[in-house]
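As structure tokens, one chain now follows by itself in the form predicted alone.
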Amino acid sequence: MLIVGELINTSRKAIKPAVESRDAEFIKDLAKKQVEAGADYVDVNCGTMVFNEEETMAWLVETVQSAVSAPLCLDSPNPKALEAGLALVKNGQPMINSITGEKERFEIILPMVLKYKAKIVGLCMDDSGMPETAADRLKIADKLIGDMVAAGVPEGDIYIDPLVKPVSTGDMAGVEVLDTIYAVKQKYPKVHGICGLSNISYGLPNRKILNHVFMIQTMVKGMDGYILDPLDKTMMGFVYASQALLGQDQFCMNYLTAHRNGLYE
């Protein structure tokens, strides 16, 4: 299981002013809290800083790394911002979010994956747009995995994101994702899955309930990576409980440790 802490993202109201004012202590504290809460990677996303994203990415990478030893997931649609951050990474193996099946994006991002030996999130989207069905997603995943492995990316460094859409926009949106996760895991057992969860509940009330339940459903189908808020104690409690119940937690050690640390109080 890989947990990527999602909170250092300038699209969040509390984060953008802290980044704009270069409040390093605020960012360091948030990075520490996420790692202490169970994040394996810390996501860094400043995609809303369109006029100085490269500079901001570099500042964030150095600031976060001065506070935690966890590796970083660099998240941006801007290849120059990704390169600016990757060049400064010193904490273990970085992760890039993301590459897609879009020809231009693939050709720009792949050399960075190889240069920095990074884990890579492969988003199920290509030049034909966003897929509707599990079959459409699997077709894109097939090409992404095949092309990256042929270029020298180890299967174990690939994390396929099935592209979660709101269930409020289509009754089968959740099912298509669940079917994709299962199909990819059956065909490529060494390849990992990863996704954010909040899109599934967009536009509906009680969003946290939907996000929590969807996390459990995806884990049953084989998902083994999430980009989430590790400070959400209920979510993390379900992660550890699900791992124990699915036989992914030897002697229930992670679950028991979470219990002893007061996660379920």
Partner chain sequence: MANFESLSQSVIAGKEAQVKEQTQALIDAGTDPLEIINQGLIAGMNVVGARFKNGEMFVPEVLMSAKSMSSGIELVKPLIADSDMPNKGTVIIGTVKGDLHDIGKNLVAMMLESGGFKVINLGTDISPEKFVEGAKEYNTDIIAMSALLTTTMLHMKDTIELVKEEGLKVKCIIGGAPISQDFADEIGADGFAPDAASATDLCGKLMA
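None of the values given here were measured: they were computed from a predicted structure. Positions refer to the first chain, counted from 1.
Beyond what is shown, the protein has a form predicted in complex with its partner chain; the following relates to that form.
In short, of 108-116, 77-85, 148-156, 187-195 it is 77-85 that has heavy atoms within 4.5 Å of its partner chain in the model of the complex.
Screening Asp142, Asp179, Asp136, Asp126 for any heavy atom within 4.5 Å of its partner chain in the model of the complex leaves a single hit, Asp126.
Although the partner is absent here, Gly38 is not a contact residue: none of its heavy atoms lies within 4.5 angstroms of its partner chain in the model of the complex. At a distance threshold of 4.5 angstroms between non-hydrogen atoms, Val50 is in contact with its partner chain in the model of the complex. Residue contact check for Val220: none of its heavy atoms lie within 4.5 Å of its partner chain in the model of the complex. The closest heavy atom approach of Met172 to its partner chain in the model of the complex falls outside 4.5 Å. Contacts with its partner chain in the model of the complex, taken as any heavy atom within 4.5 Å, map within 195-214 to Tyr202, Gly203, Leu204, Pro205.
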